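Here you get one chain, nothing else, as structure tokens; it is the form predicted alone.
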């Protein structure tokens, strides 16, 4: 008999990916546990009972320390997980957005001095305190829209000092507010104007990666928690050989791997990622059929970013239906960043996934809870409403799962609980 410190009851519809070992793939992504008149009981930030209210009540004994919350007949799901963000940066690129509205492409804007390197000057000029303050504001907004865990990348400093400052800002933000962050070191996001690519890759491998690993260990990462190294492997950015060299050094230093791949052109990064056991490959608008088969035979998660293709006003989107039908493990992320996707709302990404990627509501929820958790190395801990899992829970101001994409431009989140505490 559990004596819970939190009980959420009177749940109209309790919806969660069911418990399995490993990520959900193929048609199983659409098979959710859906319970009417549900309840959840939590002790010490963990779920101890979850299911029909009549059954949960038999497993618990409320005390004067139990906080009881009525969901008032609303929808309850796991907290949303964003496996791809660039939330630490300074400055903005609103002018580029308007240029795209007039027909300029991402590549044309980058060639004219825009794109990733356009954010470098403002980010380099910002202090650590300024970056942290901006990050706190963004994370507060993300939390209000139901994101309870997220990955966060560096990549707008593009120098030893600024990339390390961005990484330390992410590590401090993880400690200083409730939304949990998984850090990713990504100096290989673009080539800074002052260096040639070959020289910059050498600096990343020789100097920046070892310094990042040392900083991560200082904050308690790598030995017990996964932290990542990422590379933008695409035309005009980093080659497959660059990516392999950076990955090999990252792995030697204890960092796990993820890659921006096949956004514009396929260079072979998906197969490399699968061969090296990377946690995720992200974007995939230009993925080849043989690489889809490679993903379906691996545990590497395909992280799709429909907000980016929407924000860039592209006609082409990642082939989610093919990936799912071929048995790949698919997750969804926001790609929140200053230029190519200034969207942090996962409910909106949910709607875009249904509208543009032709995913069902059930698949979209799995993709931004259980599968997103596996994309950041935490699939056995978060992303499901199941006994033993962390009590990251959201109450929606909705009656059923199918209403999420229907109301994607609103904020449909009513209450958010992180580790069993309302935040």
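Not measured: the values here are computed from a predicted model. Positions refer to the first chain, counted from 1.
Just so you know, the form predicted in complex with a small molecule exists too; it's not on screen, but the next bit is about it.
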247, 350, 232, 185: which sits within 4.5 Å of the small molecule in the predicted complex by any heavy atom? 232
Position in contact with the small molecule when the complex is considered in the predicted complex, options 135, 157, 307, 339, heavy atoms within 4.5 Å: 339
So in the predicted complex, is the small molecule close enough to residue 116 to count as touching (4.5 Å, heavy atoms)? yes
Any chance residue 335 has a heavy atom within 4.5 Å of the small molecule in the predicted complex? yes
Contact test in the predicted complex: residue 221 vs the small molecule, heavy atoms, 4.5 Å: no
Looking at the partner-bound form in the predicted complex, is residue 124 within 4.5 Å of the small molecule by any heavy atom? no
Which single stretch, out of 316 to 324, 124 to 132, 83 to 91, 194 to 202, brings residue heavy atoms within 4.5 Å of the small molecule in the predicted complex? 83 to 91
Is it the case that 174, 392 and 418 all touch the small molecule in the predicted complex, with a non-hydrogen atom of each within 4.5 angstroms? no
